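As a starting point, one isolated chain is supplied in structure tokens, in the form predicted on its own.
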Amino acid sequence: MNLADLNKIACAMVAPGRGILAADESTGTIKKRFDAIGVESTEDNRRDYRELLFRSAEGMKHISGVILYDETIWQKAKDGTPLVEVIKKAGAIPGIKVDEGTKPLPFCPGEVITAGLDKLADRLPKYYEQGARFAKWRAVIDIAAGIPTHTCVWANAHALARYAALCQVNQIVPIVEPEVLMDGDHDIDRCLQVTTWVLKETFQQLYYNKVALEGMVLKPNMAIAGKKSAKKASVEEVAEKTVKMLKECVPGAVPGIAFLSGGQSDEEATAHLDAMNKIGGLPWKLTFSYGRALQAAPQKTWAGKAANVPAAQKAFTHRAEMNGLAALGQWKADLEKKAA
């Protein structure tokens, strides 16, 4: 393992004013998104849609890296250029989602464990050869009555750490993503309590598995109330509680933290990130690793029609620019209104 090289890539992934585009929806997930806009989910349509994002010259200025799905990393653009090369040409780093989704966790009703460790050691060198320089693995923790359990938190933290170690051995920067879902009716303090536990356990397991913190990026959820909660927290409260939690849990050796949007609206995800960066004085860079919060607008605008590509690229550019400003703590709500 060459840690200096891993650190260089991790730092580039969280470069000031830039963030990560999560374009790694599984075939099942992107089918749901395409169904919503009336587009058939064929291999060509999936390719065309993602290509329009990667070829958004202005939008990609705010993107440091792109997480790809297994299908996409092997695909070629319409003109025959490998999509990986299109991403590199846009000045971004190609990455790959390597987990294989979740499976029920034995004896833990309502809880899941992420699959995909079995053949990961064989798959990583092939992804590296194809151009991937970072990877992503998502662990999913739900909050409900009696959960999460210690079994679930420990098992997922352990799997994340084993994945991260395998990545580093193969000269790939791991994005470590322990996601505490915001689907329930819990308030922000319950989310804070569970996320603190999950992060502490994750870093404990990373230590036991000898993962070099300088060569990784953390992708956590924010401390935020559940979608069904009657008590919503303000932007300032989300920012203050999330930053306090991260200071307690995340060692300063980690180059950066790229948040997931996790079901927040486009503007909410931007506003929260901006408010955290306005706090300042942090040991790590705070940026975004958004999927839906960057893509919902361009997807709707595109609607599967070639004629809509320029307008869709404009919508993507706007969201990428807004989040780029938020990563610097320079976003303002009236910038959204101007664009509208």
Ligand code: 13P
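One-based numbering along the sequence shown. Note that the structure is predicted; figures quoted are calculated from it, not measured.
Keep in mind that the form predicted together with the named molecule is not shown, yet the notes after this line are about it.
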| field | Residue (of G262, P148, G131, G226) lying close to the named molecule in the model of the complex, criterion heavy atoms within 4.5 Å | value | G262
| query | Going by heavy atoms within 4.5 Å, which of 247 to 255, 155 to 163, 193 to 201, 135 to 143 lines up against the named molecule in the model of the complex? | reply | 135 to 143
| task | Would you please decide whether R46 lies within 4.5 angstroms of the named molecule in the model of the complex, comparing each non-hydrogen atom pair? | result | no
| said: A22 versus the named molecule, in the model of the complex: is there a non-hydrogen atom within 4.5 Å? | reply: yes
| message | Just checking whether R292 would be counted as a contact of the named molecule in the model of the complex - the rule being heavy atoms within 4.5 angstroms. | response | yes
